[in-house]
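Have a look below at one chain only, the form predicted alone, in structure tokens format.
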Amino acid sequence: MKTLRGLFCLLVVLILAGCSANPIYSTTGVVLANYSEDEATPYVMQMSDPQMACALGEGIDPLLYSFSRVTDAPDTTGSLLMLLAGNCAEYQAWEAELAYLRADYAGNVPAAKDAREKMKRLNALTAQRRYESFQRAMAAYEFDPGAEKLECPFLFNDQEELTFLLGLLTGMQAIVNDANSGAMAGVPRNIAPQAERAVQCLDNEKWGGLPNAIRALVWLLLPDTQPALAAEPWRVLGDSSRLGVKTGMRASMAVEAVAAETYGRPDVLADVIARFADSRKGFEVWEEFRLVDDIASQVVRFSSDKHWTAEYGYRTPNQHFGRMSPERNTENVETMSLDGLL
């Protein structure tokens, strides 16, 4: 009798534990996922501090995504958090690349080799995170990018459209980062034509030419994917950049700069950097998604810094951003006497 009573009590404890623990975890997970999507994401998208945003992605993603063990995976917010975490890894890769260029400029071979290896490893980490972000974005909207027949996902508002669009862009970035790492991350290249098809689900005019910029980037990577009547890729990239300035989100200019570097077009790179610098005059940012424009600004400035560091051994001086050499226009420049300061 005591044995039966003991088993009954144990069963009751197990049932209560099961009813009290898992429901709390799953409820917390649902609340956090909904809060992140409804409140935190719009707030972060309006931020103007990409470094803080990337730290948020690295810090919050493991906590939020751990709830996928007890409830549905929060793929919508999770794709954006992993995108931001990928940016953190890329910022470190940028610093390693600049260190490599400085050492190479100074003729310090051991330091250059060390910095270059560090850059490759960080690019591999960036590629891994960005590929994960791409996969989460596709899962969030139950979109199969490899399906033979293109079936566009249901996207109910601007935030969902942008999340899907950034997921596709992040997939393309993952391929570029993996190439820069020496293919250490193993990102499958077949996501490039998948992204080229999927971006056609989005309004090019509305999103500042970014969908067509992604398509042009794929056409440069895989020329066979370019439709017969499509315009030349560099022209599409230029048109997309101009549309981005008009829309208030210059992500297309960042894509154009990356394409110019990747495919060896210094003339296009110099032009897009100059256009980006000029665009700051009277530019009206799309406030709701300011963070995207600020991240694009960092990408273009890094392209400029790479050129300056390789050619002159230091980053772009602020007053020279938009130029590719230290030659400066001395007209109308006020001079200051140092005599009084010595």
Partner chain sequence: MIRHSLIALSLAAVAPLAAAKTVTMCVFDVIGANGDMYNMIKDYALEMKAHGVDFELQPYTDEGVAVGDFNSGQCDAVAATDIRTRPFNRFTGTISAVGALPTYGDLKTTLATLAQPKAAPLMEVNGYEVLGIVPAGAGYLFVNDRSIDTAGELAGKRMATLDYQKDAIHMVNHVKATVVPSDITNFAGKFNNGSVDTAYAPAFAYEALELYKGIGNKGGIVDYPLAQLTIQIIARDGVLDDGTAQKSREVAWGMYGQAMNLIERQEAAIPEDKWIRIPQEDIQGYQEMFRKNRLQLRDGTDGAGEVYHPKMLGLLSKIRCASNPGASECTAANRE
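Predicted, not measured: the structure shown is a model, and the values here were computed from it. Numbering follows the first chain given and starts at 1.
The protein also exists as the form predicted in complex with its partner chain; that form is not presented, and the subsequent description refers to it.
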All of Ala231, His307 and Pro317 within 4.5 Å of its partner chain in the predicted complex, heavy atom check: no
Ala183 within 4.5 Å of its partner chain in the predicted complex, heavy atoms: yes
Close approach of Arg235 to its partner chain in the predicted complex, 4.5 Å, heavy atom: no
Tyr100, heavy atom within 4.5 angstroms of its partner chain in the predicted complex: yes
Glu160 within 4.5 Å of its partner chain in the predicted complex, heavy atoms: no
Options 183-191, 160-168, 84-92, 239-247; stretch whose heavy atom lies within 4.5 Å of its partner chain in the predicted complex: 183-191
Its partner chain: the contacting residue among Leu202, Leu155, Ala73, Ala112 in the predicted complex [heavy atom, 4.5 Å]: Ala112
Partner contacts in the predicted complex for 249-268 (non-hydrogen atom within 4.5 angstroms of its partner chain): Val258, Glu261, Thr262, Tyr263, Gly264
